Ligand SMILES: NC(=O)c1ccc[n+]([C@@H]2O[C@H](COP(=O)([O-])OP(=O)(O)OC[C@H]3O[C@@H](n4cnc5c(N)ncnc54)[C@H](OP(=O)(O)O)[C@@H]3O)[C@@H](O)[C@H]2O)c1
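Okay, here we've got a single chain as structure tokens, the form predicted on its own, with questions on binding and movement later.
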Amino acid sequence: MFAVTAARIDADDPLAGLEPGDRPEPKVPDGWVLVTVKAAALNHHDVWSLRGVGLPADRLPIVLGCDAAGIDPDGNEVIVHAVIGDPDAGGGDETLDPRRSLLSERFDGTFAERVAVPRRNLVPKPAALSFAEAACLPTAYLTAYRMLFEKSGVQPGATVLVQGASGGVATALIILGRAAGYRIWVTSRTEAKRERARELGADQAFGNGERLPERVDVVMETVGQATWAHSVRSLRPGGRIVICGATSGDASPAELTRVFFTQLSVVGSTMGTRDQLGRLARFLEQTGRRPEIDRVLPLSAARDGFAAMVEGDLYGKIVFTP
């Protein structure tokens, strides 16, 4: 079958390790099933894998891709939950299993014509969502869903600041937050991206580091070092930062004096559970909101999609179709 693999690690030139071509059919262990992939979405995780973050060279070659929607062996339309973990080991939450992984870390991922996954990782795809839309959900949109509805600690109507408005999780936060009744403010480097955020539903958009009209209830952080000081200074006393990534590096300094003096909370969030993925799909079905898709490419043109992500030349998700 045709697949896109990480064949080599290169921290400086991640695309050098990207290799499309024929791969053996997936092996299907007991309790797993084979899904025919109809659409698969690109994430920053895939680029980091090519840089060697979380993917040691001794696991290569491995098929990349965390997210997919497709058809199971019984002909059902499904969404693939990307977290491979044991809910029992995580106290009911597979993302807390110390041995958890994502597809494409220990097991072949979704950038292929077919992928093997645990049967419990399949979530019914609502008929209202296309395969391309559904493929966007398991990583970026599920992460945003959990940040907003489990980790933020605030109710609809609260003011939420989203740092770095054009990224996959940030875009999802705008769309989901607006649909749920939060007041969404965003930051971005360019006016074009700020305008796009407003079109998606952001109430206000600001330049990176710009002083805000008032302090916010929650900051959603995916950027890290480049925005951390602004995030801490933008919060009202008692406010909260929810952080799911640090694409610009770890924050330094940590602004600890301001954190304790204004009694701020910093909460980490990673992915979401299978059940939350099901609720996310129903949330989109009921609200009529849909993931923002930047472009859909054939899997054979995956290198173009990776290049766009590396260069930051996108707004929304890039989706591949085998």
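One-based numbering along the sequence shown. Quantities reported herein were computed from a predicted structural model and do not represent experimental measurements.
Keep in mind that the form predicted in complex with the named molecule is missing from the display, and what follows is about it.
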Task: Contact test in the model of the complex: Gln276 vs the named molecule, heavy atoms, 4.5 Å - done: no
Open item on the list: Although the partner isn't part of this model, could you tell me whether Gly239 comes within 4.5 Å of the named molecule in the model of the complex, counting any heavy atom of the residue?
Closed with: no
Open item on the list: Just checking whether Ala281 would be counted as a contact of the named molecule in the model of the complex - the rule being heavy atoms within 4.5 angstroms.
Closed with: no
TODO: Report whether the minimum heavy atom distance between His44 and the named molecule in the model of the complex is within 4.5 Å.
DONE: yes
- [ ] With the named molecule left out of view, choose which of Val78, Ala205, Ala112, Val169 has a non-hydrogen atom within 4.5 angstroms of it in the model of the complex.
- [x] Val169
- [ ] Tell me, out of Ser152, Thr222, Thr159, Ser231, which residue has a non-hydrogen atom within 4.5 angstroms of the named molecule in the model of the complex.
- [x] Thr222
Open item on the list: I need the one stretch from 25 to 33, 56 to 64, 287 to 295, 263 to 271 whose residues put non-hydrogen atoms within 4.5 angstroms of the named molecule in the model of the complex.
Closed with: 263 to 271
- [ ] At a 4.5 angstroms cut-off on non-hydrogen atoms, which residues of 125 to 147 are near the named molecule in the model of the complex? List them in order.
- [x] Thr139, Thr143
